[in-house]
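In the form predicted alone, a lone chain appears below as C-alpha cells.
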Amino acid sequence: MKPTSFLQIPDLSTDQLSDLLEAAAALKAARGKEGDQPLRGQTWALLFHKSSTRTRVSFEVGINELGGHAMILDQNRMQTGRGESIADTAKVLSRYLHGLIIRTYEHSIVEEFAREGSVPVINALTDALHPCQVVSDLFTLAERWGKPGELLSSLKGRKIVFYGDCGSNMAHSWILGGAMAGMEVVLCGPGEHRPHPQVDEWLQRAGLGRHYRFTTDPLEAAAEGDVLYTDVWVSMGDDEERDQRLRRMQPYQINTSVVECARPEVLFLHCLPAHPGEEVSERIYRGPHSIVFDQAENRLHAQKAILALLGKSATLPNSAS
C-alpha cells in the first residue's frame, strides 16, 4: 500500500524505505538522461514558513526533472498569514495542486494539512521532525557501504552518534530512521537536551523497537562509531538563548578527540548549514572523514524518489468531491 503523505519515516514500510533508497540510486545514475517523468502534467507547491536553501532548491529542481511544475508559496503573501484556517487552505489548495511540500514550525501544521486536504503532503521540516533529510542521509551512507539491491541491508548494525541538541528535529528523525534501518543510534548532549518523549510514542505506534540510547559522555559515545553527526547548536527560533546554548553545547563539539575514539573509517555528516568552530571543528568539517557535500547533493536524488512514489498516485479531485 502506497503512503498518501510523507510526514515521518515510519509512514513508509521497511520495503518502501528500501525501494526509496534503490530508486534514489537509480535516479542519481540516470540524471541527465531521458527517462520516465512521473510528475508530468502535475503541479506541486512548496509552502515555506521558514527560510531555506537546500530544501527549496533540491525540491524545485527535483520536481522539474521529474516533469512537473514547482510553485513557491510564501506564508507572508497568503491568506493564512491574515487568519484563514489551515483546514480551509488545505481544502482549496487540494482543488488546484497534485501535492504540497511544507517547511514549517509546529508538526501539527503538516498533520492538519494532510488530514484536511486530499493531496499528498511532504514534511520538508518541522520543529519536531526532518524526515526527508534522514532518508537522503541513509542513502548517502548506503551508497558507500552497499550495492544495488542491498542498500538498506548495508545499514543494519551500523552505529551512528548524534551530538548536540538531542531534542531537535534531526535527532528525533534519526531515532525513527535508525530504527527502520536497524542501526544503533546513540545521542550525546547536555542532560537538559534529551529526546522528547513523543518520539517513544511514535516508535511504539509504528511497531518499532527502542534502538537508541542517550548519554552525556562524548568520548564514550563515539566508541566504535561508524558515523558522527551534528547540527547547528542554535536552530531557527532559538536565537534568544544563543549564548546559553553555546556554553552548554561546547563539550559536545565533534573534533579530533571525538573522531579518534570512533572507527578509523568513521564518516562525518552534517545537515547544513554548518558553523565550523562551534558544533564541529574546522579540521573535521574540511577533513577526509567529512562527506557533507555528497550528503547535500543526495537531498535531490532522495527527494526525487519520494516525489516519484507519491506522485504516481496523485490526482486532482473533481469539483464534487
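In this text, residue numbers run from 1 along the sequence as written. Just so it is clear, the model here is predicted, and its values are computed rather than measured.
Although not depicted, the form predicted in complex with a small molecule is the subject of the following passage.
- With the small molecule omitted here, the record of contacts in the predicted complex names 264-272 of 264-272, 33-41, 65-73, 278-286, defined by a heavy atom within 4.5 Å.
- With the partner omitted here, the residue from Ser153, Thr215, Gln198, Ser235 that has a non-hydrogen atom within 4.5 angstroms of the small molecule in the predicted complex is Ser235.
- Interface residue among Val134, Val110, Leu125, Val119 relative to the small molecule in the predicted complex, by the heavy atom within 4.5 Å criterion: Leu125.
- The shortest heavy atom separation between Thr140 and the small molecule in the predicted complex exceeds 4.5 Å.
- Using a 4.5 angstroms threshold between heavy atoms, Thr89 stays clear of the small molecule in the predicted complex.
- In the predicted complex, His130 approaches the small molecule with a heavy atom inside 4.5 Å.
- At least one heavy atom of Asn169 is located within 4.5 Å of the small molecule in the predicted complex.
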